[in-house]
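Quick setup: one chain, the form predicted alone, written in structure tokens, and binding and motion questions come after.
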């Protein structure tokens, strides 16, 4: 089993609205609906452990559950009780065990540590901070580099940094020097602050952003090693721009994106002067979003 090729979408109406030459690389059609399958399958296929333990707001959890099913393994996914119900249901439908927590009472990391103590045979997989995760996500960077398209920049969501680190790794391995720009919720702007200070800076708590896939406390250590020297910039995106980007992708490109997946387009809305007339690849990282929330965003 391999990841599906990403779907490149070029829509003049979207480019006109954003005043840039925009190509969308949509991972919404990937197995389990997001780029996370690339990383999850790479983890499940390469670790020797029969059980894998992780924490996830949803996309990595369901990707890991499906990947484990494919390779005959099992997994437990620690998830915030505030996670989208569609994502919780998906993890269970793929055969994953779900452990719901109140993140105001206990952090994901603390709960994973408790379960790891009780299950010493399990491999503890980070949803973003793992060399196998970076390696899996690098496949998307390689596809972009080998697509025959010429870009001035690749823009992608950034939370824990696994996607951006993978894109940088894959692009460079393919001999491409295309700049990678991260798009981060302003409410959880630890990546931007980390770049400014030259060290990993942590959020005090999981940020309360609509982009649930970017509700991370900090960049991963493995990812920072790549991002610190390899990322061109990080655009800090306000919540209104995220909502507008979800709607714009639906209206102008017929693309369904979850809020985290719309961050790259939201970056263009936030800093239009930076990207005006540029040839940009906007990575839509996934399309897993509850119907009610999505309906309210595109209404």
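Residue numbers count along the first chain shown, from 1. Here the structure is a predicted model, which means the values were calculated and not measured.
Below: the form predicted together with a further copy of the same chain, not depicted.
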item	value
4.5 Å heavy atom contact, residue 33 and a further copy of the same chain in the model of the complex	yes
Non-hydrogen atom contact residue 253 with a further copy of the same chain in the model of the complex at 4.5 angstroms	yes
Non-hydrogen atom contact residue 41 with a further copy of the same chain in the model of the complex at 4.5 angstroms	no
Residue 81, heavy atom within 4.5 angstroms of a further copy of the same chain in the model of the complex	no
Within 4.5 Å of a further copy of the same chain in the model of the complex, all of 45, 60 and 224 (non-hydrogen atom)	no
Per-stretch contact check against a further copy of the same chain in the model of the complex, the hit in 87-95, 190-198, 168-176, 122-130 (non-hydrogen atom, 4.5 angstroms)	87-95
Those residues of 5-22 which, in the model of the complex, come within 4.5 Å of a further copy of the same chain by heavy atom	7, 8, 9, 10, 11, 12, 13
